[in-house]
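Next come structure tokens for two forms of one protein chain, structure 1 first, structure 2 second.
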Structure 1
């Protein structure tokens, strides 16, 4: 078949390459010249295991070719962004433009597939509404479905093949045709449903995680007030066979979990109360960390110097989108009285990539572990202690063993552990160490 994939980003390019390497001819359309030029040379514009090879082969065989506009094809697959507006509504303008771009070329019998994460009803109402302007009727002349992704960056090609998928058609025939198309490379189960159910499935997968992280964040705040250790609570509560508490952190970031729940809240703000509250709790975590920093730094006169380890939204990736650490840094800067230096070899953020941890921490009053990148696991706390102006560590990820940090002469503080909040636990007992102590909590 001839396919046209519209939007060649993190989802569109691997999807186009998979179809092209499994028997189809694919026109990859994008509005970004750099992406088209890179693809024209047979290269992927981002690094992902295995992607470079499959792009090189499919381009050299002319099974995948770049283009600026859609051309007549049997199926159109839309993979454009769906960012969130400042008022938390979904920006559907990219989808609208992408669907309009196929109106001049779409023909009776074509499939139109939306992969972009979208608010419930987008396929049935917006996509089909625009397609009708072609004079063709979705459901009879055109086969229209929503077919979302669940891939994890770093494993995209493997997960494209092996993950199960939900395919939501505007009618059964649409869903069946789309399932048959994807079966050329998908080995996971493919479940057929209606388009709005599939849209809601995609949103609820990320909402489930967001709500659970908010619950852990709230637990962290509660435990700080109670003078106990949230990580300890989570560890033991999760021994229950049907409990799976998530872990707290300085907030939720990325382009999915921090965004998708708003698409439900936007549609049904009065009904989606817990989902909205969870979003607000997670969004408030950088401020909670700021307040903790204020308390820890209250005895420091003049500018408080903070060394922040990690700025990305999650460990071992270079992605800064919606990073709560960057929000925290903005809050510190807005408040004034703080100078912040960042260390993160993954990220281009204010010189963070080149900086040496032991140089950066020199003269600092606080070492803040914000992202648990692998390379921060083994650090020389004695060396850190020697160069800091004030011996204070705040671990927001339960990443470091407190006894090791404290043995080096540093004061260890953990997000969600009320130990140092008022310098005593409520029962006057000695708090149990977070990691590595009696039943130290499992790591995230």
Structure 2
């Protein structure tokens, strides 16, 4: 079968590669010349386990080819971005352009599948409305469905195969045809429903996590005021068999959790009050961390030098989309009086990729652990202390054992731990097993 995948981003490229490696011929369409040139060389433009090998083989076998415009195909799969506007409404212009781009080539009997995260009703109202301009009727001439992914960066190929899927057709025949198409590589269960229900399902999966993270963030703020440790509260509360609190952090990032809830709020702002409040709480966390930094640096005269470890939105990936750490850095720069240097071998943000931690921390007044990348687990705190102008550490991820940091002569501060300088945790200084991160056990 000939397929056309429109949008070769973090979801579109792996999806195209999976179809191409499972018996189909795929045209991958994008407007980004760098992506097309990279794909033409048989390479993926971002790092993801296993993706490079699949792309290399499918391109070499001419099963996956890049293109700038759609061509006649049996199915069109739309995987373009849906960013939010400044007023938090969904920007559907990419979806609109993608659907309009297939009008000259779409034919009776084709499938049109939307994978892009969208507000409820987008498939039935917007996509089908544009498709009717071709003179073909969705549901009879064209088979239209919404089929969102459920993948975790760092495990995309594995989860594309093994995770369950919800397929929402504009009618049953559309859903069944799309399910049959995806069955070439999906081994998880595939559930059939209507398009609007599938759209809402995708949004609620990420909204559920956003609301729970906001609860953890608010708990962290409360515990700091009460002088107790949010991480201990979470550990012991989660001993309850029906409680699963997530973890706090400097904010929520990525193009799912930090974006999707707004699509629900946009549709029903007066009803989706808790969802909107959770979004605002999480969006405010970089400013809360800024306030904490202000307090820690209040005795430093002149420019405060801060070394930030990690700039990506989650650990061990190269994805900077909606990173709360970058928002925090922007706040520090706007505030004035701070000099920020970043270290992150996963992403190049202002030279972060090539920078050595021990050189970067030289002369700094604060070491800020912002992202719990694996390479930051084992660091030489004594060497760090020798290089710093002021011995202050702020851990936003509960990643480092406090007693180990403080044994090196550094002052350890943890987001959500409102302790006094001489206070120890009841467990001897380690509030919970280190390594927790935003988003709870799944660490998305």
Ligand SMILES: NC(=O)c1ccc[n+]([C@@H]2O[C@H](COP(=O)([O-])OP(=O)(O)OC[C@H]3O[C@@H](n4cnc5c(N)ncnc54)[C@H](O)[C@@H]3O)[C@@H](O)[C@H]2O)c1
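Here, rigid core means the biggest group of C-alpha atoms that superpose within 1.5 Å across both forms. Every value quoted in this text rests on a predicted model; they were computed, and no experiment measured them. Positions refer to the first chain, counted from 1.
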Would you indicate whether the form predicted together with this ligand is structure 1 or structure 2? 1
Rigid-body partition between structures 1 and 2: same part for residue 171 and residue 284? no
Rotation (°) of the smaller rigid part relative to the larger between structures 1 and 2? 7
Just grab the Cα shift of residue 47 between structures 1 and 2 for me, core aligned, in angstrom. 3.6
